[in-house]
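Following this are structure 1 and structure 2, which are two forms of one protein chain, each written alone as structure tokens.
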Structure 1
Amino acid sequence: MIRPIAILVGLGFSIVVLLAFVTGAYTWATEETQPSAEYEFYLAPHGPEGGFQHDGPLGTWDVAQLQRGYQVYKEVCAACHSLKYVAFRDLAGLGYTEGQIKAEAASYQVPGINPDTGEDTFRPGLPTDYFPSPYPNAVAAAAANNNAVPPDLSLITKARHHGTEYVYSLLTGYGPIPEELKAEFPDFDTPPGLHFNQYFPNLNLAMAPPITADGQVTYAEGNPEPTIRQMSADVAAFLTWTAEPKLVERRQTGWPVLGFLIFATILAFLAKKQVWSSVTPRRERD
């Protein structure tokens, strides 16, 4: 009795799935898709001209660029965005010395406990601490940013498709609404408090342009000119490092592993030929 019921249930489920598929396919094939500004004018993200030094299977970190990117994050992005999965001691990967890391950590105030009263307080950071959030909680963050909570940037380049290029394009993509868009979609507009950006999926986002002028961040002597595009590329590279600090090491490890696998495959093939060389295949009689 149980088996026929199970067969009927399975058959019914299959019929429902088939009907849903047929209905969806028919709707897709017969209904015309209404064009939208978000679909027609959204641009795919891209990197700077020449790309990034860490791109590709043989890429390496540009340590100077990572340090410049950290400077841009600290002077521009840190006012709104946290970096909660990165500890100050991780800055050793950018070439900073132990003394520099201690000084950098001490320049931040992190949550702590007063040893005398047991009450919450703030203290200078230690290398083992993580970068503190600029806001005490999400409610305060939303209240200060047009009801939009700024995302944590620790893993942003892994959380977005083509993350490094996405960050670069978003930072350089602010501007007025194109005339072509106005002509094709006269009802489209950027609401008050939002900002037009063709690299954001719905074209309007709450974040105001963070990098607004060349020279907004002053680089040390010997570095490239701090143009909007240069600063955007630098902070995009830095956020790639925060998301995958072992990216280059992993790729460098992969090449010897690949070479070993190729060698082991060839060795196994030759061993098989040697082991079976004395065996003559049996011929079938007519």
Structure 2
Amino acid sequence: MIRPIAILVGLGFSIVVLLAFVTGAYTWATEETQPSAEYEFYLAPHGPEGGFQHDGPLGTWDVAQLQRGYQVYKEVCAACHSLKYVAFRDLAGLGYTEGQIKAEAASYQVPGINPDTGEDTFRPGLPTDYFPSPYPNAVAAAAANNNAVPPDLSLITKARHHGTEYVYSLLTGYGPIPEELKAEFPDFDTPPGLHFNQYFPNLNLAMAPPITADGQVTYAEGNPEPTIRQMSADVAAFLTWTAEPKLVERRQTGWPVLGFLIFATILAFLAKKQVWSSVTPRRERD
């Protein structure tokens, strides 16, 4: 009894889904799909030439680069973007000393309470404080930025596919609309208030080019020239660190774990072989 019912149910489901397939296939075959500028001119993100020191399973942080990236964040990005999951104490990961971190924190004003009156006020930051947001709330952020809230950057490189490369490509990817695009899509234009960038999925980005000129940030002596590409790579590296401060520690834990597991598995294999040798049929010896 169950089999005839099952056959009917099975035929029912497959007929309905095949009917949907036929109509879908008909529409697909007859309707021309409109080519879109977003589809044809979007570019996949890429990193700087030579990549990053933290790339690959053996990669480590380039502490000097992280410090330069932090400087770029502080002097450029921080005007609009918060970094709310990073605390000043975390800067120890960038090689700063306790004294430097205290001074760095104190250079920020963070929201606090007046100890005498209990009123809201601002006080100098402490190492335990988190990076203060440039705007008091999301409404203020939207109002100041043409309704596009600048995202928090703490996790940005994990919140995008190939995030580190995405940040680098986006920062270096501004430019005029290419002639080929104009030729193929004469109607395409970047609306006022937006900025053309081929690494942004719809090609039009609300963020104005933040890094516009070589030397926009002055690096301390002994550092590479602050070109647009260099500054973009540095801040992309820094934001990789803010998103995953335990990245290098994680990999460096992983290698001994892998080594141990491989050793233990070889032992387990030999043990298995020995245990089974008494019941495994041997090839007949003549």
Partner chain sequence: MSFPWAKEYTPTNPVMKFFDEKLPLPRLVYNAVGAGYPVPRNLNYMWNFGVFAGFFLVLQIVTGIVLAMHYASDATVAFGKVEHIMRDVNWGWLMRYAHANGASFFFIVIYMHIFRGFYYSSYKAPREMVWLLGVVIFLLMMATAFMGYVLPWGQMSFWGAKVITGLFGAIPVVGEPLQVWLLGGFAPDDAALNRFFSLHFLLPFVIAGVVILHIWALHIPGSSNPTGVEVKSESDTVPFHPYYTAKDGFGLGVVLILFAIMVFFLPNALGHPDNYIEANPLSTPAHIVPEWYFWPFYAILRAFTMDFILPAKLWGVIAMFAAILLWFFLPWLDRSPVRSGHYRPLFRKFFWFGLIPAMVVLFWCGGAPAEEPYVMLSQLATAYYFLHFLVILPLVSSFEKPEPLPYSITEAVLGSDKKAVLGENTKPAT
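Residue indices: 1-based, along structure 1. None of these values were measured; they are calculated from a predicted model. We call the rigid core the largest set of C-alpha positions that still match within 1.5 Å between the two forms.
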| request: Would you check which of the pair is the form predicted together with its partner chain? | output: 2
| message | So, superposing on the core, is the move of Tyr26 at the CA at least 2 angstroms between the two structures? | response | yes
| request: Classify Phe13 as shifted (yes) or not shifted (no) between the two structures, where shifted means its C-alpha moves by 2 Å or more with the rigid core superposed. | output: yes
| query | 2 Å or more on the CA of Ala264 between the two structures, with the rigid core superposed, yes or no? | reply | no
